[in-house]
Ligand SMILES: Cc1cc2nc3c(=O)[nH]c(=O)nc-3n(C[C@H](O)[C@H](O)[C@H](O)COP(=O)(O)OP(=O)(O)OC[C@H]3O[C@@H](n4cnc5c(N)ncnc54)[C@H](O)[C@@H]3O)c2cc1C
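Next up is one chain by itself, shown in structure tokens, the form predicted on its own.
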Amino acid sequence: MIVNANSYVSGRVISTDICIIGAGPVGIALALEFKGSGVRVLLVESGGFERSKLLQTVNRAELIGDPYQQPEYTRRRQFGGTSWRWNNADTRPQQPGVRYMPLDSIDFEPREWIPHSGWPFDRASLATYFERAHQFAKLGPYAYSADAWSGPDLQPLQFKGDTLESGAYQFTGYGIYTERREEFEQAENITLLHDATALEISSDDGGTNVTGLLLRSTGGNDFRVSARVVIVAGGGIENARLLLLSRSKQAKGLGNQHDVVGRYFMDHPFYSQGLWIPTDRTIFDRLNYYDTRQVDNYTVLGRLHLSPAVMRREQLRNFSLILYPRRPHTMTAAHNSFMVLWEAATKARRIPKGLTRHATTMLTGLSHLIPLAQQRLNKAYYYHDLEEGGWSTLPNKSALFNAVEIMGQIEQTPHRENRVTLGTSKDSFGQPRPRIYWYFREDDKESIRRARQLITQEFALSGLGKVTWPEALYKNPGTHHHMGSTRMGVDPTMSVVDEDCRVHGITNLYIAGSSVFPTGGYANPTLTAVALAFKLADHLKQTLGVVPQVTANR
């Protein structure tokens, strides 16, 4: 059943068994796990089924520290959540979708060289839940090794040292989450309540038991939810923010008795413009494994990553590499200036530093840009976007390309002072906006520098050519993978939730999503977050006495 919250009058009380806040990928997957179970589930979504410019402003945050992406533009208050922002899925639905892979096994381990690392369980404990998440997302087999996706014409690079290993990403369509509206229309025991924003979680006087929620519709009506169990699944910023806003019985906010809520905030800084000049240009005809391509009707992308052995030996954070052959013109200063201005206008929506310098560089390099524009108009290979792919099918690649651009994502250390807290400005609901303190700190920078040195040495040792790197350590401060702000752990003084995602000290309040990640690796977090949602669903089924059954979404 689907209900618009604007149809409710002020003062109404809604009773349910489970209330889930946030209809993004995690909230949708979690709610549908109870379809047909007899358990009453209320899934609350701040937005509706279309993008609202007014609600988007509620995501605006106060940003302090190193430059960071404004969540007003990287988050979505809408059914489907931020899956609408996966590389502009709403404007480019024909693309293969978002990259999926689980976190690496080493990401779950306590690593003495990374403070505050270690999950309460290992990756193997989630194997069943990863397989269920695969089915839910309509992915291929639960396999991410190079062997699983290799073939006669799809061979990974061979290295003489142990610095790098090959693996794979998988893709699925953008609509895996956004197109599940019909399932909610048909579910008798699940209510999707949209246009309802959670203002506060209510608790008893002792703050050990949650009693429900205070909600406000987009039309301004206030009403309450009474629930046996409350699950917060609003994303890595809003999860922490809502706990901090819930101060009527706990002055510091729910679950924040040890001042941990909002701390250890992480993202995945994204880098590009690393440059590999192959020794032998015929290698372009042997790089097909690293293109986005179809294998047995599944879309995959080859990748490189640091080996566990080198991470342990050199005490490095995790680090990935994606390879993209480039034409000579795309590596010129004129093209680089064009890309800086293009991204500033279309993504950051700001005037970049050095506007005059970049414009002048473009003008003096028109002889390089004009052929690129002609190729673009003729739909020839130009500068494919991250997941677009297709270059491996082109003929004469050794004549077409002269370099390989290296891109990837970086693991960030969970630093206590990187945090989400409450700011001084107010949103349209009268609530304090989130304030984000984000810094890329020296230990992370040093890890990148050392990893780059080792990668350069590995390519040279293996006779593959020369690798150079830009001075900047990352291009974007994050890929809007907001993690860690309600981290999981066994020690309540160092974490917000336990291994079942239950808030320490509160019997019936749970957090779902990547905000519970103690560390984030480099992998896109959705697959791991959905796997954790299925783990939480099984825990709640046992807690609530639900008879196990096969549900429609598996």
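If you're wondering where the values come from, they're calculated on a predicted model, not measured in any experiment. Residue indices: 1-based, along the sequence shown.
Unshown form predicted in complex with this ligand; subsequent notes refer to it.
Checking 337, 163, 82, 447 against this ligand in the predicted complex, a heavy atom within 4.5 Å turns up for just one residue: 82. Among the residues 76, 132, 263, 317, the one placing a heavy atom within 4.5 Å of this ligand in the predicted complex is 76. None of 30-38, 501-509, 45-53, 488-496 except one has non-hydrogen atoms within 4.5 angstroms of this ligand in the predicted complex; the exception is 45-53. Proximity of residue 197 to this ligand in the predicted complex: non-hydrogen atoms within 4.5 Å are present.
Remark: residue 21 counts among the residues lining this ligand in the predicted complex, judged by a heavy atom distance of 4.5 Å or less. This ligand in the predicted complex is approached by residue 26, whose closest heavy atom lies within 4.5 angstroms of it. Taking the partner from the other structure, this ligand in the predicted complex has a heavy atom within 4.5 Å of a heavy atom of residue 525. The partner is not shown here, and in the predicted complex the stretch 211-229 never reaches within 4.5 angstroms of this ligand through any heavy atom.
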